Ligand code: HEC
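To begin, one chain is listed below as structure tokens, in the form predicted alone.
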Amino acid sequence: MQRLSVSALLAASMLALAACSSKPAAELPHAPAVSTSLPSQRGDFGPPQGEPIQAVLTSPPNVPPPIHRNYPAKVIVELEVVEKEMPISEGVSYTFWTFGGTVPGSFIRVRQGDTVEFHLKNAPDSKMPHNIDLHGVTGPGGGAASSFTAPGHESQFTFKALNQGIYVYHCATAPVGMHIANGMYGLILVEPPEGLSPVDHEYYVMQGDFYTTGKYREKGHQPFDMEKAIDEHPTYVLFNGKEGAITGDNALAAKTNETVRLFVGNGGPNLVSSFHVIGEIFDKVQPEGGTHPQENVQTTLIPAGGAAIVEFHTDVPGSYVLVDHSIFRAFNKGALGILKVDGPEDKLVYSGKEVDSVYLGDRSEPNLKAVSVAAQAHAAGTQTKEEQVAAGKQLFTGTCSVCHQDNGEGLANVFPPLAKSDYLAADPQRAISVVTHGLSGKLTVNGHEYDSVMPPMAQLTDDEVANILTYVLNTWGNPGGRITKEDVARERAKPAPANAHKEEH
């Protein structure tokens, strides 16, 4: 927040004294004429001073260190466009177009008033030309008009960072939407001259929506789907370019009684984010990266092509879940991250336990390596039953254990057991129809009657259904056996049986 200068405060005090004094204002000591208006948020603080500075760029979720200069400088930014194949989910790959080799691109940090000499390189093995539009630039196209760069070439332009704030940058080469949808976006922070208030941790999180020809978590390499992108029907909605990018071993970290600042961007290209941290209240939010903060905010909207700065204080330990609160995006498209807070309990603030694995789903696991291994083995034609069982165990945790429990015992009088199940033993293939088409009505399992609903698990791929059922058949005293991806595909293609659960529309 901008503050009045000392001289402005003195001038205001003199005016107040004049208004209250019995003497005419002309008899009071003369004060110099000083404007009492707030300084402009837009500033040119003169030419750069000192030697040029090479910008420190960081990959997400890391942020460059704060700037402690009290003068404007010439800052040199060198950023390379790299087109590369990377995982988008376990066992799923995608060809991303990146700024700096990551999605989102490298975080850039400068000071208001700095002169930025920007070098954009396009790797020689790139297939496409690219450019960059920085929302923190005052000039045609935000730099796009000056940075069109063919593969194997480099472009250079210079701009002055006139406005403080957190700004998105992205590629603006036609078709613009396709370049952004392939991961070409990032954040540039223009610090105010006095710097930001000190905090214990700063992290970089950026949401994006992705459009693949295959369905969510369908294994193998997935190409971009232009029709889905135009229709705004994303396959994935992700933080930092990959499902699970900030969960498990890659979770953000803090300790109790610390302050955390998140620079949160939304690359889009289409969706607005409803950003929320489950179990925290933002002490301060600078919505849309603006100067004036809001306080005590639960969920903040971040438009496509926008960003926000959120800050909060950690009080009790636990796993705090970062989500887009358009909630199906979190649990069915991937927009989920974790901040792991360690430290002593404070029972006066919160008496409960840490968020458990059922709520977090399979992302509570450190990783889903077994799923990736099983997918690769299937593609190579070498998949074993043991690999299916290992993958199915991890998938079961996030999909089925909430009803059937981690031990397969179910819930008495509500959900039937999967452990030592005579229903499964009688016809293991029948389980495929239950998972793909659903099941409703009365059912007898192990001598007990149940009357509940099993919704169709349409969000699961054939490969995932096969692995989950193979795990169940070979666990908890069940008879064993193996379900293949092809078995599931055949069953899914059949008409739903009469007792299948029908979704209401």
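Quick note: we count residues from 1 along the sequence shown, nothing fancier. All figures in this text were calculated on a predicted structure; none of them were measured in a lab.
The same protein also has a form predicted in complex with the ligand, omitted here; what follows describes it.
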| item | value |
| --- | --- |
| Candidate site 247, 252 and 277: all three near the ligand in the predicted complex by heavy atom within 4.5 Å | no |
| Heavy atom within 4.5 Å of the ligand in the predicted complex - residue from 171, 302, 418, 81 | 418 |
| Position in contact with the ligand when the complex is considered in the predicted complex, options 389, 424, 271, 323, heavy atoms within 4.5 Å | 424 |
| Interface stretch in the predicted complex with the ligand - options 193-201, 337-345, 410-418, 117-125, non-hydrogen atom within 4.5 Å | 410-418 |
| Partner contact for residue 452 in the predicted complex: the ligand, 4.5 angstroms, heavy atom | yes |
| The ligand contact in the predicted complex: residue 404, any heavy atom under 4.5 Å | yes |
| Residue 443: touches the ligand in the predicted complex, heavy atom cutoff 4.5 angstroms | yes |
| Partner contact for residue 205 in the predicted complex: the ligand, 4.5 angstroms, heavy atom | no |
